[in-house]
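Okay, so here's just one chain, in structure tokens, the form predicted alone.
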């Protein structure tokens, strides 16, 4: 186990004597009658305040050697170490301080923050809650716990902690806006509206707060029965009239709003927004498809190519931040881990990243690929993939058509969240078999269908499938290697259940 590094007491005493001969500040502290350890502590605090953390560490180490039972020395050594990036040793020093003086709420708070930096979320929460138990009115501790909960994607817990901050009088624009963001992410639109409104009042100059307030207000208004025309007029009210730019802003927002409302289960307001989209732009593939889904149009067996291209072009720039950062999307990591577990060590393969998106799978597949191809319908997604510089070839084409045109080319195919946009999977399996060499591996994910049936289109526009249906369609050309029950991402009800499959192409 690591231990804090301190010199022996004789070495520390000699070092302080030598420092005093060169540094008048320390000499004056010693001449005032302070014991050497306390003089070193005072001098170290001055160095720390002057942003000389590396020098302060040396001084605090000497002080700790001379008085190892002084909790304040260990606490300040921990602070200085943390400022220089030595968080692991900082945590040890803070723990030492708390062993000596366990009732120090501020030291528990510091330990919680340092443990969070080290990725020890469970330990961080224990430390922060101990700090709060000792000092319940610490808005700072509640805020730190809220940030920890947010990193863990426990948004309800983060809301409760920020609510405690506000109740204690911490009502800065940043706190209120973060509370608004959490309410927004969890579909609590009235509360999101109110929090963002207060944030704007606290800092009217912040354009992000004002923009998010407009979005929350639009969604709240439509949800409580306002006309889409009226809500849209209010939404656009504070924007400068910029002609075509304004029109694009309207359409981009309406598409986002329709997707949010439908995803949150507010079907009637989402339908009204879709109809407004089609009124403004009758050719909108996104609005047409989502309206068909929400109104229960018969015969929907896959999402149209135009919808996929249009939607993901609009979503490309924020895809990783929203889906990975906010919703905890980790299917690429899970799927590639499943695939890699079956490969020969050191061997490389011809690999297809089917529906490559922004290249999240590509980063993981590159090390085992002699050639790595990505195919997607979205031009903007392919541009994001190209920035990663991991693909040998990027192709903009409908997936089943592409697979059918590449007989026997691939040894591995990964399809992370691609089947979500296909209902009938028959053509996809048949074309995958065409493109794959005998004994090649096919890895894919599905969103789990709850209830009876083979597949169903959801209000989000995605399809959920029954695992038995997937196995039945695959068995003619593929043998099952493994299935894994898992979750795909967050939604309002928690982690979305899904299943990973790994198949081997029959010889």
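Here the structure is a predicted model, which is why all the values come from computation and not from measurement. Positions refer to the first chain, counted from 1.
Missing here is the form predicted in complex with a small molecule; even so, the following discussion is about that form.
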Looking at 180, 112, 269, 332, which has any heavy atom no more than 4.5 Å from the small molecule in the model of the complex?
332
Residue among 422, 289, 349, 184 with a heavy atom within 4.5 Å of the small molecule in the model of the complex
422
Distance check, residue 198 to the small molecule in the model of the complex, heavy atom within 4.5 Å:
no
Residue 294 versus the small molecule, in the model of the complex: is there a non-hydrogen atom within 4.5 Å?
no
With a cut-off of 4.5 Å between heavy atoms, is residue 218 one of the residues that contacts the small molecule in the model of the complex?
no
In the model of the complex, is there a heavy atom of the small molecule that lies within 4.5 Å of any heavy atom of residue 416, even though the partner is absent here?
yes
Among 372 to 380, 168 to 176, 140 to 148, 340 to 348, the region lying within 4.5 Å of the small molecule in the model of the complex by heavy atom distance:
372 to 380
302, 312 and 399: each with a heavy atom within 4.5 Å of the small molecule in the model of the complex?
yes
